[in-house]
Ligand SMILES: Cc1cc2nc3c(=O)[nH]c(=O)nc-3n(C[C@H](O)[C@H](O)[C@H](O)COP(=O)(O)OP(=O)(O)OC[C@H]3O[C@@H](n4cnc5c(N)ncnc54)[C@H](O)[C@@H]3O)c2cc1C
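First, one chain by itself: the form predicted on its own, in structure tokens.
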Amino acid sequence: MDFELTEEQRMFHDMARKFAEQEILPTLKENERQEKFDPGIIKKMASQGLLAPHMPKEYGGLGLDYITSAIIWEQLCGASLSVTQAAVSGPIQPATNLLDAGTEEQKKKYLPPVCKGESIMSGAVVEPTAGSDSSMIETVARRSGNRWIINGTKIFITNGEIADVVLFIAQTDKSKGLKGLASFIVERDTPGFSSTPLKGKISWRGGSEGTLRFTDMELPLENQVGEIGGALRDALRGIDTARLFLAAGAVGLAQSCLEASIKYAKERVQFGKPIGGHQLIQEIIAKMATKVDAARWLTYRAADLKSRGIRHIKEMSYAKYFSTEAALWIASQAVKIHGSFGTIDDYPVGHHYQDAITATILGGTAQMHQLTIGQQLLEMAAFR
């Protein structure tokens, strides 16, 4: 095993960090106060090759391995996990689904614009009553001649308020349960499609989420993606990539909190010396640093297995579960080290703490990943 970054990886590391410092941080505070996401950041990322590093070159990506992609995501999220997630989510989740399950015609039509930042794509699975349990999906797709009639609602959809294209899951036959689920693709100007922004969040304020509604929306049969019954399987391929992004992003967030805490602990003087000279502060920072490194190498290991096409269900859950939970703990400790200053947005640790909360939920909650790990190790289901 070689733990050193390659020259190419170091180049992308530095490029992504510079982009985060120059393009995300300057407007972050004001955008978060307004709960505003600037979609212009997507084209800027694309122009530097940072938008879709893992996607094949033939569809507008760079064709990079997942370790290099994780390094890029880590550095971008050092500025803001929520902004980065909103910017790159299209290529990461729905585009990956389409790459695996779509026809060649569908891929050629939709993937290049998404990977080049010319079109924004959303993936829509979650509903008011369906989160971790996809069998509860109530959006209905009814076949009528050579058309599908869609009715239903999706919520907490990244970029749902601004997406040009949406890849979503609907139920074609409730009696079949998961085997009745199918994926479809729809463009924003389709009659019967509408969206509203989701505001008032305590977290992810720099990102973009929306609620989607399908009201007697008609789609041609060719807008179905993949086979009926394979929608959840296809979606999990994109979700696997999203989990890697969240793990890497959590590492970037945690590293930023660690760096900010070290800097503050050296500068803040109390009782006649920098607070970093107090044993309890050093203990906390030591734990923070250890967790950051552990999360990073769990994430890189999962990325390596994914790049080599090796089964990695357990390892991806290790990475996503540990990294996001560690990031939340690290961010909370960083706020405490900063004291009251940690609660205002003049310092980075406050917004990182807010984003870390949502990172533990997206891509499967901590409890769902604990179940996955337990089932993989014990080779038995926790429930049926």
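Note that residue numbering follows the sequence shown and begins at 1. Please read these numbers as outputs of a predicted model, since none were measured by experiment.
A second form of this protein, the form predicted in complex with the ligand, is not displayed here; the remarks below concern that form.
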{"property": "Stretch in contact in the model of the complex with the ligand, which is absent here, among 275-283, 222-230, 119-127, 172-180 (heavy atoms within 4.5 Å)", "result": "119-127"}
{"property": "The ligand contact in the model of the complex: T158, any heavy atom under 4.5 Å", "result": "yes"}
{"property": "Proximity of Q375 to the ligand in the model of the complex, heavy atoms at 4.5 Å", "result": "no"}
{"property": "T196: touches the ligand in the model of the complex, heavy atom cutoff 4.5 angstroms", "result": "no"}
{"property": "Heavy atom of T358 within 4.5 Å of the ligand in the model of the complex", "result": "yes"}
{"property": "Residues G131, E209 and Q367 all lining the ligand in the model of the complex, heavy atom within 4.5 Å", "result": "yes"}
{"property": "Contact residue in the model of the complex, chosen from F214, Y110, W204, F184 - any heavy atom within 4.5 Å of the ligand", "result": "W204"}
